[in-house]
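What follows is one chain in structure tokens, specifically the form predicted on its own.
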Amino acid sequence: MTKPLLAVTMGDPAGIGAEIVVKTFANPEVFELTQPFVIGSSECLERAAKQTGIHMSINRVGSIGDLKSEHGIQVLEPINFDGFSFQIGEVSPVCGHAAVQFFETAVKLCQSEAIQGVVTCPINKEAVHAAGYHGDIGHQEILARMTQSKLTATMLMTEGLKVAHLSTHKSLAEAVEYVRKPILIEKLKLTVDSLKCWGIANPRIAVAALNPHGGEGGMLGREEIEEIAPAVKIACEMGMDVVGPYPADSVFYRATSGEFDAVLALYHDQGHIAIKMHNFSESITATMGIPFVRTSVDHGTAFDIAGKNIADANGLKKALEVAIAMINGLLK
């Protein structure tokens, strides 16, 4: 197993990113399998350390070459954030701009192979939009733009359940229109190829149905008959181990019982609700279809609790652990 160099992006400075970073880096176990560093603001991290009562070194570095193999928080600051005016827990274009700059810096380092992966703390979509990034709804859209990847998708993971998503940031009406045979086939192949790359040799994938009771033979919708089942058939003919469509009210339970390695959900909430009901505190997100590993916490900026020292850092620790497993091809 290699000990990868991983960047942790701090996310929106007005959110809980700095707090969960400080809490995570205070755990010595984090440094046993990786050498992580932060791309963000040392000022914000110092404020978070004071709020949490955690005493640890926070040191700025000028470049990747300045990083040392040591415990503590080493911070690469792509922009000078000192003195910027913003309020903790409030949407700010300043913070939206900073969050994007933190992430873009990490992506460039991954593309140059200076680091092996990136783990992201949450950004706020409203703040990013206010900063002028109108085409970038979230991390995945920024990744698609910067890597020019033709096909990307989100997979959520937690202990005992992995859920790939046919679509994420689409309205429900748009998501239903997106359930088409060619798209299903390419997303199934992306899911299978990603899991193989990350360490699951022969992944078995179940496809969730779109309509209640799987459409009831067409009485409650025909997508299962006309789009989903034909796509599953073709995927099997291509050599993939794919089954379904199975009703969404039972397929996730079957997956947690060990019947499948992953489920392909057909829209955002169908998959996200299943994961977060199963084990929200340790759920993480991974991006498929990019040429490096990116994982993320599976929660938002939590402006309502920012600065109150009550944020749960388990998700960030888990995102680091999963990134290390993926890089080493040891995902289970």
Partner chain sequence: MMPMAITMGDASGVGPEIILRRYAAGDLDENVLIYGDAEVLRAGSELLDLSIELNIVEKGSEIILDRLNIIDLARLDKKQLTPGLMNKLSASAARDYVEKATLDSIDGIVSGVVTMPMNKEATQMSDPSFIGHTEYIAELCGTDNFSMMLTTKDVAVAHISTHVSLANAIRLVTRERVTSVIELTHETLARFIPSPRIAVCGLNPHAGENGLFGDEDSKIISLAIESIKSTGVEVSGPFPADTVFYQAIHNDRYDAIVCMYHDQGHGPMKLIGFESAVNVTIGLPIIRTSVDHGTAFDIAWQGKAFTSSLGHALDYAWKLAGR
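Values in this document were obtained by computation on a predicted structure and should not be read as measured data. Whichever C-alpha set is largest while still superposing within 1.5 Å between the two forms counts as the rigid core. Positions refer to the first chain, counted from 1.
Keep in mind that the form predicted in complex with its partner chain is missing from the display, and what follows is about it.
- Residues placing heavy atoms within 4.5 Å of its partner chain in the model of the complex fall in a single listed stretch, namely 276-284, out of 276-284, 26-34, 64-72, 42-50.
- Of the residues given (194, 92, 211, 101), 211 alone sits with a heavy atom within 4.5 Å of its partner chain in the model of the complex.
- Proximity to its partner chain in the model of the complex, defined as a heavy atom within 4.5 Å, holds among 105, 116, 147, 168 only for 168.
- By the criterion of a heavy atom within 4.5 Å, residue 303 is excluded from the residues contacting its partner chain in the model of the complex.
- The closest non-hydrogen atom of residue 221 lies within 4.5 Å of its partner chain in the model of the complex.
- Looking at residue 130, you'd find every heavy atom of it more than 4.5 angstroms from its partner chain in the model of the complex.
- Under a 4.5 angstroms non-hydrogen atom cutoff, its partner chain in the model of the complex lacks residue 299 among its neighbouring residues.
- The partner is not shown here, but in the model of the complex the stretch 239-255 reaches within 4.5 angstroms of its partner chain through a heavy atom at 248, 249, 252, 253.
- When the rigid core is held fixed, the Cα atom of residue 180 travels 2 angstroms or more between the shown form and the other one.
- With the core superposed, residue 189 shows a C-alpha displacement below 2 Å between the shown form and the other one.
- Once the rigid core is overlaid between the shown form and the other one, residue 245 counts among the residues whose Cα shifts by 2 Å or more.
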